[in-house]
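Given as structure tokens, the chain that follows is alone and in the form predicted on its own.
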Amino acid sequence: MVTKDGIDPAKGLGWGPFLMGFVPGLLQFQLGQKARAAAAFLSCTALFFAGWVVVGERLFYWGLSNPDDSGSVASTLSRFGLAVLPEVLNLPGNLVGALLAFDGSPEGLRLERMPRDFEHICGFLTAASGMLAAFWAAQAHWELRLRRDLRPAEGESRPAPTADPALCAALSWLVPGLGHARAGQKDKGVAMGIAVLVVFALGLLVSSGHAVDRANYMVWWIGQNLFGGGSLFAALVTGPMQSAGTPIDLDLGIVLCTVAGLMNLVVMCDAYTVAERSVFPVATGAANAAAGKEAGA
């Protein structure tokens, strides 16, 4: 739908704001929200280094590629932590942490592969800093969109959403359905939340609690972490448990927990959209045609 001012609310904000979102607080600073910018940067940085002091160079082991001496592009990028997800969403913290931890010597490569105490919860914290950075960026994108697309007439106030869309997405990351409840759709939130929880719990059950383990299944864990509350539970309870042997249905459990995380990604996006539509409702065909005529007049 194009408004009479020639603005398409469905159009994105472009590459500039997208890339700036990788630096927590930078978009808030651009918006003139200096206190909020400081809060975004400090919260993401503190969360990352709270986990980094324990995991350190283990981040490289959890990456999509390892910083070996092959000289490839992937190897070079991984030395700066750019192959570690979701920490890369908090680019400054992850970059500094990677530079401080990188050691290309045989001893350094050995340390990357050595398990350490409390790595499950600390690995969750470093990853959570990236997720938090994404939610801060989403909040700033929402504010930028409001300023671009909503131009109330003189004397009128700008309409407010039922809830902040970014907050609804963040709440859904922790507890599926909580974002919908915040946005005013409790029944829908309960239904979606139960679906995610059942699939995730079933995955843990059939795998005897070993399906969610970043140290052993790091690529699968990226998808599982999209259900933040579930991956937090695993980091605190099931991940540190000792395994007497490989569960028969371990692979099934890993897949189910990953599917639950991907399901929750849909829940997060939908919660954001529900709150968004309270300000930008879906236009009917007649409304689209009327808006198009006004724009062309």
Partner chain sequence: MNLLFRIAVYVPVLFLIAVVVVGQHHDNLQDTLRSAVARTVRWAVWTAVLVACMLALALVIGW
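Remember, it's a predicted structure, so these values are computed and weren't measured experimentally. Residue numbers count along the first chain shown, from 1.
The form predicted in complex with its partner chain is left out here; the points below concern that form.
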Does residue 42 make contact with its partner chain in the model of the complex, using a 4.5 Å heavy atom cut-off?
-> no
Applying a 4.5 Å heavy atom distance criterion, does residue 201 contact its partner chain in the model of the complex?
-> no
If you check in the model of the complex, is residue 195 within 4.5 Å of its partner chain, heavy atoms only?
-> yes
Would residue 241 count as touching its partner chain in the model of the complex under a 4.5 Å heavy atom rule?
-> no
Candidate from 256, 37, 47, 235 lying within 4.5 Å of its partner chain in the model of the complex - any heavy atom = 256
Considering its partner chain in the model of the complex, which of 54, 263, 64, 31 comes within 4.5 Å of it through any heavy atom?
-> 263
Work out which of the listed stretches, 165-173, 103-111, 214-222, 201-209, brings a heavy atom within 4.5 angstroms of its partner chain in the model of the complex.
-> 201-209
What residues in 228-264 sit within 4.5 Å of its partner chain in the model of the complex, counting heavy atoms only?
-> 248, 249, 251, 252, 256, 259, 263
